[in-house]
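The data below hold one chain only, encoded as structure tokens and taken in the form predicted on its own.
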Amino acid sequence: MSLPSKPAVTSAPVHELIRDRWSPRAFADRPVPRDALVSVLEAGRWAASSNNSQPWRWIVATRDDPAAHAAALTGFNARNQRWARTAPVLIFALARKTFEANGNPNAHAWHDTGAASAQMALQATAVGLHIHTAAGIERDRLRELFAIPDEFDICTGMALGYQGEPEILPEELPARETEPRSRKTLGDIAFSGRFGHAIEI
């Protein structure tokens, strides 16, 4: 049985990595090679950031250390643990709330950390992997578990691995692996002249 493929149906040409990137919940029981994991992290490291502040930090747990992986899984909420448990690599993205240079608040920290995460997802696609990002995480649990300092926000969890068969997922999740992808139209999100006035395409 072939795995689901869900390329984006775009209104204009985009790079194939953007077209083919999507977020499966089913991951194969196959380890992520160390060099592939490092390349994904390296892609995030080179994201743009305000004042080159690089506010992102990552907590990484792999199945090479089963106890660390099991502990990291508890950082996802119960709903997301149902599928995150299938991923061989679990990552949590953190954002430093202040600039290291002067201690001033960094209002761009989440934006920049998100940009780094996006680059990681594209690099994952480039090397045959997938990332599924989850907002449903247990932040208090993670802060205690990994001794995360207060100056860092805990932004999101990520599951990384090779795509697996939908049938390994419980309940309603297999069907979600094959349902069509959708997005708002450009007219809904890109404006010209004033907010809500759709840009001419």
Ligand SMILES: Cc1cc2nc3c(=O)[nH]c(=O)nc-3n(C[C@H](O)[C@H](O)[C@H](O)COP(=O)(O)O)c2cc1C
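Since this is a predicted model, take the numbers as computed values, not measurements. Just count from 1 along the sequence shown to find any residue number.
One more form of this protein, predicted together with the ligand, exists but is not displayed; see below.
- Note that among 86 to 94, 125 to 133, 67 to 75, 101 to 109, the stretch whose heavy atoms approach the ligand to within 4.5 Å in the predicted complex is 125 to 133.
- This chain lacks the partner; the member of T62, Q54, T156, Q163 within 4.5 angstroms of the ligand in the predicted complex by a non-hydrogen atom is T156.
- Although the partner is absent here, Q119 sits far enough away that none of its heavy atoms falls within 4.5 Å of the ligand in the predicted complex.
- The shortest heavy atom separation between H15 and the ligand in the predicted complex exceeds 4.5 Å.
- Of all the residues from 147 to 184, those having a non-hydrogen atom no more than 4.5 Å from the ligand in the predicted complex are T156, R181, R183.
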